[in-house]
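Next comes just one chain, in structure tokens: the form predicted alone.
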Amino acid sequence: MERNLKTLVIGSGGREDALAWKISQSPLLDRLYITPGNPGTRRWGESVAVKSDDIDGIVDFIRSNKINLTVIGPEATLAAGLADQIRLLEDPNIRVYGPNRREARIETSKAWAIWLMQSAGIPYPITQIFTEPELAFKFLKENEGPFVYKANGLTSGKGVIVTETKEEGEEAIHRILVNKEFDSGDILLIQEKLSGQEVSVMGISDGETIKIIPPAVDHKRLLDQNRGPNTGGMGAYSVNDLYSQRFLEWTQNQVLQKAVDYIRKNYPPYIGTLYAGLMITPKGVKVLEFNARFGDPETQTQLPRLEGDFLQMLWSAAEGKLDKSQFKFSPKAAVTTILTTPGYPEKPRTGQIIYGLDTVTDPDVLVFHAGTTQNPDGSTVTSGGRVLAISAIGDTLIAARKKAYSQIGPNRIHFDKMHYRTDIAPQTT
């Protein structure tokens, strides 16, 4: 590629901080903008005062600043149709990395994702779909369970309720269909509860082919030992020998490629990241969910291991000619732990001053900002439930884990009533 690329990253979370950090390392980069960004993303590029849901404002910025590549981070921006609007410009010098609104339904509508998996022959848990509470209560009364209850739309990782008893199931139905607590429509999915190892696998698609990046294991529950409510993710880890090559090839061909093929045959091509949340059970692998963008906190875990040119990878996918030569990853392990505010996920309390950000000197440790903002006096304070992602790489998972946790504490990074899990990644391997 002869020219450099003006690039825009959409979003303000830890995922977007990691995306901007990795893009900033590319020799192909001309200028990097992030909208709206956060105090962390300002280390890598220029913040733009346009909100990620202001589609017209973003498109105006792209046109007036001749942005070559827009990378969409948040699922809500995909659901709002930003990718559609950029493609309508029909300018070969303006590309977007992210699927159109219709294809993004693979995440924004769990019911649509089930229909797609059924049509494409992708394995998924036994699922019942309800729109009427009475029918859902009747199903629960007549079947043993236990079940997992899912609100249909976007819920920031909080609309999944895992139950053990019928009483908990009744409460879940009330929360989703009666009280409409998750503001995601009038559709409830009740799925069989699977047991096994959960793993996140993301692939980058140019609309025709898809290539996976090394998987990560996400920790979704709030508390140690996988207790407490589901969250947007409390930490993750990634290492090369986590799964066999046979498993990775099967996932690429039988899950992600099948989805891309089905979409291409029936809709505009799927260009962007396709994320599959898998459960490896004694009876085989099932897809728990699809996401239409990079995972969070998986991105903060996987990108530190990437040795290829990330911007070239994304640009080539957006052009429809994926450069697979850039999929080079370090053999080292990576571990990420998330720091959250008190009250997260239900009622996060914010405004705490964050101390110790200047104490991180290890080049193998990265601090990605998510829910942070800056006061007029320059101090950094919490502004969201998930505040920081502490990511570290090491020769082993144990080494990476030790580095990540060593940055947290009274004399390191901390804020009032800070919460984090202490059991991210295996401690004995």
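Each form is matched to the other, and the largest set of C-alpha atoms that superpose within 1.5 Å is called the rigid core. For every residue, the number given is its place in the sequence shown, counted from 1. Given the structure is predicted, the values throughout are model-derived calculations rather than measurements.
Although it is not shown, the form predicted in complex with adenosine monophosphate (AMP) is what the next lines describe.
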### Query
Is the gap between E192 and adenosine monophosphate (AMP) in the predicted bound form 4.5 Å or less for some heavy atom pair?
yes
### Message
So in the predicted bound form, is adenosine monophosphate (AMP) close enough to P125 to count as touching (4.5 Å, heavy atoms)?
### Response
yes
### Message
in the predicted bound form, does M279 come within 4.5 Å of adenosine monophosphate (AMP), counting heavy atoms only?
### Response
yes
### Message
Would you classify D84 as touching adenosine monophosphate (AMP) in the predicted bound form, given a 4.5 Å non-hydrogen atom cut-off?
### Response
no
### Task
Spot the stretch among 339-347, 114-122, 85-93, 142-150 with residues whose non-hydrogen atoms come within 4.5 Å of adenosine monophosphate (AMP) in the predicted bound form.
142-150
### Query
If you check in the predicted bound form, do I213, R305 and D395 all have a non-hydrogen atom within 4.5 Å of adenosine monophosphate (AMP)?
no
### Message
Only one of E289, E181, D323, E170 gets a heavy atom within 4.5 Å of adenosine monophosphate (AMP) in the predicted bound form. Which one?
### Response
E289
### Summary
Heavy atom within 4.5 Å of adenosine monophosphate (AMP) in the predicted bound form, from candidates K258, K332, K220, R102, belongs to K220
### Within 4.5 Å of adenosine monophosphate (AMP) in the predicted bound form: residues from 91-111 (heavy atom criterion)
K110
### Query
When you overlay the rigid core, is the Cα of I126 off by 2 Å or more between the shown form and the other one?
yes
### Message
Given a superposition on the rigid core, I'd like a yes or no on whether R293 shifts its C-alpha by 2 Å or more between the shown form and the other one.
### Response
no
### Message
Given a core-based superposition, decide whether the C-alpha of Y270 shifts by 2 Å or more between the shown form and the other one.
### Response
no
